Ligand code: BDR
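The chain below stands alone and is given in C-alpha cells; this is the form predicted on its own.
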C-alpha cells in the first residue's frame, strides 16, 4: 500500500490524478492539499473539495499556499477555464470541508510521524513543499519520496523554455530539487507523450458512474481548449505521477541532478540537468496502454 499526500492546484488534469489515486486500491490518500496555481487558492480548494466529494473517499482536504514564495502569481485559467475546472456541475457538498490546520503543517506532521512511509505527490507549483522544507528540513529525509510533475528539458508550455508549475514558483522548485530528497520527476518531455484521443474519450462517455461523468465533463473542456489552440490531443500531465507509484517498472528514465534558473530573462523558471548529484529520477517514457488501464480501473471502482 502506497501512503501519499497529494498536493494539487486542481484543474482538469489534476482532477484525473485525484480520481486515479482515489480509485486504485494500491493507494491510500492520507491528505490532499490544495495550493494556488492553475487558478487562485479559493478556486483550487473548491475544485479539490468537489472532486473528493465526487469520489466518496473520506480523507482530509487542507488549504496550502495562496501565493508563490517570491514571484508575482501567474495562472493558467486559459487552459482550465475561469473556475479552473470548467465543465462539470457539482451539487452541494454533504461531507467534504476544508480542515482548520494548514496544509503545510499537516504535511510536516504526517511525514515526521511516519518516517519513510509517506510519499508526497506534488502536481502543482512546489510552494507548499518548499515551505515545509524551510520550516522542517528533515522532511527531505523523512519522506519516502517526492513525486513531482513539473519542468521541461526541451521547450516550455508557458514560456518558450519554462513549464507552468516550475515557472509559477521557480524559487520553490529550486529549494525542493536541492533538498537532497529522493525525487521522481515527470517533466513535459515525458507527459506530452500521453494524450487522450477522441476515440478513447468516447469510450469513457459510454460508461456509467458519477466519477466517470465528471471525468468526461472535465476532458471535454480540456479537449476543447487544446483544439482551440491547435495543440493536438489533451496531455495527461499530472496523473502520470500517481500511475508511477503503482509500478515504477512501467516508467523508463535516468538519474540526474536538477536545477532551476532564477535569473530574470527568457530562461527564468527553466529546469536544467546538473550531474554533480543524481538524486532525481527523470522520467523519459511510460507504458501508455498500461496507464489507460489504470484510469479505467480507478473510475470503475468509484461511485
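These numbers were taken from a predicted model, which means no experiment stands behind them. Numbering follows the first chain given and starts at 1.
Separately, the form predicted together with beta-D-ribofuranose (BDR) exists; it is not shown, and the next lines address it.
Asker: So in the predicted complex, are 174, 260 and 267 all sitting within 4.5 Å of beta-D-ribofuranose (BDR), heavy atoms only?
Answerer: Answer is no for this spot.
Asker: Can you say which of 246 to 254, 57 to 65, 231 to 239, 28 to 36 gets within 4.5 Å of beta-D-ribofuranose (BDR) in the predicted complex, counting heavy atoms only?
Answerer: Result for this chain: 231 to 239.
Asker: Go through 107, 143, 123, 85 and name the one with a heavy atom inside 4.5 Å of beta-D-ribofuranose (BDR) in the predicted complex.
Answerer: It is 123.
Asker: Which one of 111, 214, 130, 188 is close to beta-D-ribofuranose (BDR) in the predicted complex, taking close to mean a heavy atom within 4.5 Å?
Answerer: Spelling it out, the residue with a heavy atom inside the cut-off is 188.
Asker: Is residue 76 one of the residues lying within 4.5 Å of beta-D-ribofuranose (BDR) in the predicted complex, judged by heavy atom distances?
Answerer: Output for residue 76 is yes: heavy atoms within 4.5 Å of beta-D-ribofuranose (BDR).
Asker: Considering non-hydrogen atoms and a 4.5 Å limit, does beta-D-ribofuranose (BDR) approach residue 169 in the predicted complex?
Answerer: Contact check for residue 169: no, nothing within 4.5 Å of beta-D-ribofuranose (BDR) in the predicted complex.
Asker: Applying a 4.5 Å heavy atom distance criterion, does residue 179 contact beta-D-ribofuranose (BDR) in the predicted complex?
Answerer: Contact check for residue 179: no, nothing within 4.5 Å of beta-D-ribofuranose (BDR) in the predicted complex.
Asker: Hey, in the predicted complex, is residue 157 touching beta-D-ribofuranose (BDR), heavy atoms inside 4.5 Å?
Answerer: Output for residue 157 is yes: heavy atoms within 4.5 Å of beta-D-ribofuranose (BDR).
Asker: Who in 1 to 22 is close to beta-D-ribofuranose (BDR) in the predicted complex, meaning a heavy atom within 4.5 Å?
Answerer: Heavy-atom contacts within 4.5 Å come from 9, 13, 14.
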